[in-house]
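Below you'll find only one chain, the form predicted alone, shown as structure tokens.
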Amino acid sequence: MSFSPPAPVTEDGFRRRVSYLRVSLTDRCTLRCRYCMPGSGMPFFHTDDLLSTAELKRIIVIFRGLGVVKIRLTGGEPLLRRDVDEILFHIYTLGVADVSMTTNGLLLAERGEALKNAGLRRVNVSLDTFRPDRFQSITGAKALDKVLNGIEWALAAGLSPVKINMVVMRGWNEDEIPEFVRFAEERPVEVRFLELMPTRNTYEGTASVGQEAFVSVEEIRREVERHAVLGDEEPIQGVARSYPIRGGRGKIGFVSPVSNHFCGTCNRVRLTSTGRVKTCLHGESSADLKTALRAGASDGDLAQLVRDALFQKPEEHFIRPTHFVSPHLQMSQVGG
């Protein structure tokens, strides 16, 4: 019997092992969600500013060598990158067992088979409403059917788990919590209710939805439990507290980055589409890997830049319901 060698261990300055990489492939998106982009729109990065396929592959190898065992591809909308299949397959060949993607689902049915063949095994789909008029109001697009088709494709294709991310917003969609609970009762999905997070748009006053729309997980859970009986909490695998629905096919998850943050066990590091390292979602970018790479840095040099950035990773962010300010988070450029 052969055994795989243990993964290298890389820690931040607070002795937290960093093993999870979230890679933003692009800042572009097919939707204009109110909590993600300014209502007036925003300029996108030029193609030359983005990491190329080869640069992405090289940097992912470096993170793998530092002990990353879990990778999630995000955006903007990651399926707008034509090379996403190639990047997925590259990650798969590196032996990363946990490879996933967060998508708005519009292109999932169209591109899904190639993604699955490239190694995609699970997916998170962002969906905040089941009502076509609300979907258009929140996202700016008449495309709800495409998202729902993408979810059904993922289930039929055997991706598991399929998670649905609903950002709960007072005055926009909080009255649909029962519908999302029923969706999880009837299908083998995990519906995750997320607290609204502040972004730079909120900080600058350019967002179309802000602190007045915040709903805490405590309030969300009370409403969920009016419509379903939840089983015992499952072992925590990430940021969500997840529960099976008794008598149902799916699960319910709660994500509370504002009211009850999970910084003490944070194992994440983020790579932006322009090649910068973010060690905290709500912090400033740190190491600039793209500039160093294009200047001729060796793999060892790049790995050291990452280690140095991780050593400066803050102990926690200070986002709270009473301090709803995040001047450094442009969600569409980081991918959450």
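Heads up: residue numbers just count along the shown sequence, starting at 1. Keep in mind it's a predicted model, so treat the numbers as computed, not measured.
As for the form predicted together with ligand SAM, it is not shown, yet the points below apply to it.
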Flag this candidate site as yes only if T103, V167 and L194 all have a heavy atom within 4.5 Å of ligand SAM in the predicted complex; otherwise mark no.
-> yes
Verify the contact flag for E77: yes if a non-hydrogen atom of it lies within 4.5 Å of a non-hydrogen atom of ligand SAM in the predicted complex, no if not.
-> yes
Spell out, yes or no, whether the shortest heavy atom distance between S126 and ligand SAM in the predicted complex is within 4.5 Å.
-> yes
Just to confirm, L289 within 4.5 Å of ligand SAM in the predicted complex by heavy atoms?
-> no
Check whether V269 has any heavy atom within 4.5 Å of a heavy atom of ligand SAM in the predicted complex, and answer yes or no.
-> no
Residue within 4.5 Å of ligand SAM in the predicted complex by heavy atom, from V68, C36, L51, V306, is C36
Going by heavy atoms within 4.5 Å, which of 84-92, 103-111, 151-159, 235-243 lines up against ligand SAM in the predicted complex?
-> 103-111
